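Only one chain is given next, in C-alpha cells, and it is the form predicted alone.
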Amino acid sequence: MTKENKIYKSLLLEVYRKTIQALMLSIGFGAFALSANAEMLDLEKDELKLGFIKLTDCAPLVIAKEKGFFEDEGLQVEVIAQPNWKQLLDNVITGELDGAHMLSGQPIGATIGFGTQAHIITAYTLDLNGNGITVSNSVWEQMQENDPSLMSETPTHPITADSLKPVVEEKLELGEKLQMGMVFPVSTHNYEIRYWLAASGIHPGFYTSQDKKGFTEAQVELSVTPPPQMPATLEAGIISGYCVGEPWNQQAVAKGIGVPVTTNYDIWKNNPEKVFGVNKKWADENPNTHLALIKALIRAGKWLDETDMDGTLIHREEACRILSQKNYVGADFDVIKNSMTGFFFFQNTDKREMPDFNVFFKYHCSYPWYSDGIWFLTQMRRWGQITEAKSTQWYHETAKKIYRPDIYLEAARHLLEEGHISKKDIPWDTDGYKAPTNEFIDGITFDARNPIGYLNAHKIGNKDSLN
C-alpha cells in the first residue's frame, strides 16, 4: 500500500469513527462511544495472511476474523489452512505467512536451532489443555485385561499407562515395538505422551545427534502423523494409539475405532497448548501491526470464554458451527461440540463434564508466561533434543528471548483504555513466572525457577548437574 493510500484510508477510518461515536453518544451507548473514540494504531501492514492447522484450538484466529476483531483494528486478514506443522513454520520463516497458530514448542525449537533455525517469538498463548491420548480398540481391550477396573463403562480417571506396560513388554518379547503417533517432534503432544508413558516406567526413547526420530532406547516408538490423519492411520493399524488435539480424539469415538484414555488436563492440569508465533524480524519491522493482531486475539479469546451468570459458555456452539466449516476445521459440528462445549467422550458410555477442556482466556491463559517456555525447554533436554547440559541462567534467558509479555501488556493497555477488557482480566504485575505446581499425573513439582531440579526429579530422562 502506498503512503498516499495509507493516508487516505486513515482519513476514511477517522471519519467513520467520529460518525459512529456521534451516533452512539446520541442514543446513550457510552461504552461503544469509548471504543469508537480509541486511537487506531498506525499500521505498517494491513493485509495479512495467517496460517493454522485444522484443530479446534485455532479458534482465536478464526473468531478474530469471523467476529470482526481483526477488522476493528484496521486489518484485512486471510486465515489459511496449512498441510502440516513443518510447512506452516517454513511459511512463517520465509514470509509467505505473517504469523500462525503454532505448537508451543515451535518458536522454542526454531530459536534454539532444533530442526529449522529462525528466531520466532510469541506474545500470545492461544489456549490451555485440549489434547487427548487415544488407543485402538484392541489395545484398550488388552489394557482392560491387565486392569479389570477398566472394564467399567465409566472407569475411574485419570487412567495411567500402568495397564499398557504389559502390552509393551509382550511386544518387546516378540521383537516388536508398539507404534504410537504424535503430531511433531516439538509438539506438546510429543512431550505429553512421553510424560504419560514415562510416568508408568515405559521408556519413550531419546533423541541424539544421530537419531532425529527419537527411537534410541525406546520401548514404544513415536512417529509423526498430521492431526487430521490420526483416526485413519489408527484404523489402518499403522499405529496403535496417538496423542492429538481435538476433534481427532472425539472422531475416534464417533467412528468406533478407538478409546481416549486420558486428556492432557490430567497429565498436567491447565497446561499451555498453542501459541501465536511470528518471525522476530517481521515483528521488529511491523510493531504496530503486531500489536493490532494481539489486541484482536485477546478479544477473541475473551469472547470464546464468556459465560452467563450460571457459568455456562455462551458462545461455544456458535464457535463450533464456524469451526465446522470446510475452510476451517471441517469436522462435523457434533464432533467439535463434544469437547468445545465443556464435555468429553472417553467412550459412548463415558461422557464427562470437562468445563476446562478448552480454555482460551480465563486463568490469564493468553499471557505469554516465561515459565511455560521453561517447561518445554526442560522436556527438550529430558528427551535429548537439547543434546548438552545447560545452565539455569540459559533456561531463563532463552525463554525471555521467545516469550514477549511486554508486547502482550501493551496490547492489553490499549484494550483497557478502549473498554474491551477489565483490569482483572490481565496479570499486570506478574514477573512472568507461575507458582510451582505438582498437578501432574506423576505428582512431581514443576518450579520454573529451578529447571534442572525438575529435570532431575524424573526417573526416566536425561539428568544434569545443578549450576
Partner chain sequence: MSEKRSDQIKYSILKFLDVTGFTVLDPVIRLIFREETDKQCKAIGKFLVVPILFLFFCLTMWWKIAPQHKTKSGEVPTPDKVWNSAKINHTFDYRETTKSEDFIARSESRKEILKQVQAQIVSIRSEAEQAKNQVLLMEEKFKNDFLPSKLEVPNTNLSNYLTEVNILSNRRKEELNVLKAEVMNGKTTKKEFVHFLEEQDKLVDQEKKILKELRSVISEIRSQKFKPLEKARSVYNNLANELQFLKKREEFLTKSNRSVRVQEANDKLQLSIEDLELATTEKDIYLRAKKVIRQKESIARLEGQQYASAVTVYKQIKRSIFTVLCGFLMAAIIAIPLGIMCGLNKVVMACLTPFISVFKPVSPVVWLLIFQIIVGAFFPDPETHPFFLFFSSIPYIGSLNINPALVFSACTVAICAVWPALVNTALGVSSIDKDHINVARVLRLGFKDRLFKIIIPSSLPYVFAGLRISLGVGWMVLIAAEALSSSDGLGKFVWDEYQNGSSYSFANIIYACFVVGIIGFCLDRIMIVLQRIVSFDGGTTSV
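Positions refer to the first chain, counted from 1. Note that the structure is a prediction, hence the values are computed from the model and not measured.
Just so you know, the form predicted together with the partner chain exists too; it's not on screen, but the next bit is about it.
Of the candidates Ile421, Ile441, Ile407, Leu43, Leu43 is the one whose heavy atoms come within 4.5 Å of the partner chain in the model of the complex; the others do not.
The listed set Val329, Cys243, Ile108, Leu293 contains one residue whose heavy atoms approach the partner chain in the model of the complex to within 4.5 Å, identified as Val329.
In the model of the complex, the partner chain sits beyond 4.5 Å of every heavy atom of Thr225.
Contact check for Gln229: a heavy atom falls within 4.5 Å of the partner chain in the model of the complex. Looking at Pro166, you'd find every heavy atom of it more than 4.5 angstroms from the partner chain in the model of the complex. Contact between Asp72 and the partner chain in the model of the complex is found at the 4.5 Å heavy atom cutoff.
Contact with the partner chain, judged by heavy atoms within 4.5 Å in the model of the complex, is confined among 378 to 386, 248 to 256, 192 to 200, 268 to 276 to 248 to 256. Taking a 4.5 Å heavy atom cutoff to the partner chain in the model of the complex, the contacting residues in 61 to 95 are Lys65, Glu66, Lys67, Gly68, Glu71, Asp72, Gly74, Leu75, Gln76, Val77, Glu78, Ile80, Ala81, Gln82, Pro83, Gln87.
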